[in-house]
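In the form predicted on its own, a lone chain appears below as structure tokens.
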């Protein structure tokens, strides 16, 4: 998979929008690792929740040019940057300022991708609409993630796939149990230690009989 060009972004814009970092590229690596499976599924609609600069969803769109890609972000500047990143890399795309995936119709997305705000913080730091929304995760670094987990069974297509990045402090086993209770199975796609963080990308899916 190609990494999207980012020449269009002014460095000063990253004062307001999350700059692509190791976690962003780990998600791209995870998608690349699962490429054969994804190509066999021929996804029509992909959503990245909390897209920031848009590099992850744009990378997906570059690998799947026939897939329509959408992103959401609570930070309006991030929505603008995501749109520009996709356009610069010639990806069919739209971006919506939205709280997670709350306003979409049910069971329409073949793929949902989420690099959440996973840093453990006080709850009071969650809920902003500026750059803090990209990293402040509240208790266990999971307050935002847990809200999306409750939406996934409704927003994901019945045979869809959900890719989620976590760190060890988020207690991935608890997330796996939550999704299992919703009827999902999981696989660990990739795991990597980055400085003092153990990052992991999990893939959740349902068995359709």
Partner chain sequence: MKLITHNMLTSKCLKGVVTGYPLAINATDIKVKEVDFNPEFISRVIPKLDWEVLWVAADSIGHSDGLPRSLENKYDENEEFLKKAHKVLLEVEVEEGHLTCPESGRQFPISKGIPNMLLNEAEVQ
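Residue numbers count along the first chain shown, from 1. Bear in mind that the values here come from a model prediction, so they are computed numbers and not experimental data.
The following text describes the form predicted in complex with its partner chain, which does not appear among the structures shown.
Chemist: Report yes if all three of 19, 25 and 62 come within 4.5 Å of its partner chain in the model of the complex by some heavy atom, otherwise no.
Modeler: No, none of the three is in contact.
Chemist: Is residue 74 near its partner chain? Define near as a heavy atom within 4.5 Å, in the model of the complex.
Modeler: Residue 74: yes, in contact with its partner chain in the model of the complex.
Chemist: Does the 4.5 Å heavy atom contact test between residue 95 and its partner chain in the model of the complex come out positive?
Modeler: Answer yes; at least one heavy atom of residue 95 falls within 4.5 Å of its partner chain in the model of the complex.
Chemist: Even though its partner chain is not shown here, does residue 67 get within 4.5 Å of it in the model of the complex, heavy atoms only?
Modeler: Taking the distances in the model of the complex, the answer for residue 67 is yes, it comes within 4.5 Å of its partner chain.
Chemist: Indicate whether residue 109 is a 4.5 Å heavy atom neighbour of its partner chain in the model of the complex.
Modeler: Heavy-atom contact with its partner chain at 4.5 Å: present for residue 109.
Chemist: Given a 4.5 Å cut-off on heavy atoms, tell me which of 48 to 56, 137 to 145, 172 to 180, 35 to 43 is the interface stretch with its partner chain in the model of the complex.
Modeler: Heavy atoms within 4.5 Å of its partner chain in the model of the complex occur in 35 to 43.
Chemist: Taking 4.5 Å between heavy atoms as the contact cutoff, choose which of 119, 131, 126, 80 touches its partner chain in the model of the complex.
Modeler: Here the answer is residue option 80.
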